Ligand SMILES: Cc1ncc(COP(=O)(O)O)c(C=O)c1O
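Quick setup: one chain, the form predicted alone, written in structure tokens, and binding and motion questions come after.
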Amino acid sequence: MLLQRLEAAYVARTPKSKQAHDRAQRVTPSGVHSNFRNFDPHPTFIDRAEGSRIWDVDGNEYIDFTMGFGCLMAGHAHPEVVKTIQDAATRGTIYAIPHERSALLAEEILKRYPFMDQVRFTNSGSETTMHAIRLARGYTGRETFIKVDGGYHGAHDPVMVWATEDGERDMLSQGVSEKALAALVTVPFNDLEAMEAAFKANPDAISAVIVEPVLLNVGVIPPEEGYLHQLLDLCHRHGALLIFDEVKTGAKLAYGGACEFYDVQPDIVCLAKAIGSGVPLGAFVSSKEIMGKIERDEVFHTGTYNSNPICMEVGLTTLKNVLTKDVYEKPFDLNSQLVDGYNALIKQHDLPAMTVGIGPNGNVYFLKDTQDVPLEDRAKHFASNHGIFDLIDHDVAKAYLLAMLEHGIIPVPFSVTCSEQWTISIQHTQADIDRHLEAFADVAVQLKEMVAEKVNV
């Protein structure tokens, strides 16, 4: 069996990772500090990274397409970012007192979102969406909010749920407070009729809708044409705010993120990941009127590490000198080549799979059935474990990942659900893409044989 052979080869190639994991498990649940990082038979432990390359503790070199779950549009250890961190650290690692760099970085963010007025900094995507939802509730005086299903907005209680196809809720974790979910309504992505129905069922009660403009926590599912504009109009007709969760699209999908890419001006934008090039940095952006709730101490926003001086300096370097307007064309072109190359090989080998891409991101879905599943069906009918994840052949997906690792490619974050996508950074090269496609050309042959074996069983 292919999967068993690949697992055995992986174990043989990564003995030091196994040792590191065994040691970590004694002092840490599952041996990792984020549940997404665990991987069977054991996760790969990393020693260092630079550019588009990453090396594990066993000395294996890989071309990395995960880029820190999409944080590193700038690539690993970008020279300007590294120098900035070194220089900033000599001036102190935290002040918890105001300093000038926070205003300078806020100004750079507002250049990308010129329809906004003010910025507040946080330390992660989860913090950012939490404060954005609280701000929307405070501004509107309403408690209920709508989460567009299929989006992931962090690990705070009110957003730790997805809907199922029968209308029930699927908790993403035990310990989530039912009371915290009492004011939550979930609505499918790309379904304006369902959104309108939700507003009518909760008259004058909805504070905001929070949505990923492109669903990037279930692979890659773009919005249908006009969906985001109509969603904004619908929110405003019902007195609600629209929150764009641009944690994964900000400074990646375009210079001005999804707002620029789709020409939409939501009421609040949430940012993190790429704006910090790997340091803990988040931000939410809005109008002076909405942010006035914070200025008047009517909505509470605080945090000891907010506007950390090192993070501010890295954000400044990233937005001013690294992710400039002229750098996006190359990674977008490389990603188009990768997506097209995947789809050509999938068609050549008649694999039950499909690849979708947008901007610098792409994802391959290995499906259980030989029938292709139209993108619009996945987009409209996504629902936790009863939707896209039920369509994935997890054995084939895991075999794909292990086989690509044998070829020195980390194609996507370690997840057999195929729920995370690859990112083409500004440091990836044409040679990296060519090597990736050469590897998949070989792996596709192996996967075709595996699929045939499964069908004949």
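One rule holds for the numbers: they count along the sequence shown, beginning at 1. As the structure is a prediction and not an experimental result, all values here were calculated from the model.
Here the subject shifts to the form predicted in complex with this ligand, a form of this protein not shown in this document.
Not displayed here, this ligand is kept clear of residue 113 by more than 4.5 Å at the level of heavy atoms in the predicted bound form. Interface membership of residue 75, defined by any non-hydrogen atom within 4.5 Å of this ligand in the predicted bound form, is ruled out. Taking non-hydrogen atoms only, residue 152 approaches this ligand to within 4.5 angstroms in the predicted bound form.
When contacts are judged by a 4.5 Å heavy atom cut-off, residue 273 counts as touching this ligand in the predicted bound form. Residue heavy atoms within 4.5 Å of this ligand in the predicted bound form occur in exactly one stretch of 136-144, 299-307, 117-125, 223-231, and that stretch is 117-125.
This chain appears without its partner; in the predicted bound form, the one residue of 317, 190, 363, 217 with a heavy atom within 4.5 Å of this ligand is 217. Exactly one listed residue, out of 209, 247, 195, 259, brings a non-hydrogen atom to within 4.5 Å of this ligand in the predicted bound form: 247.
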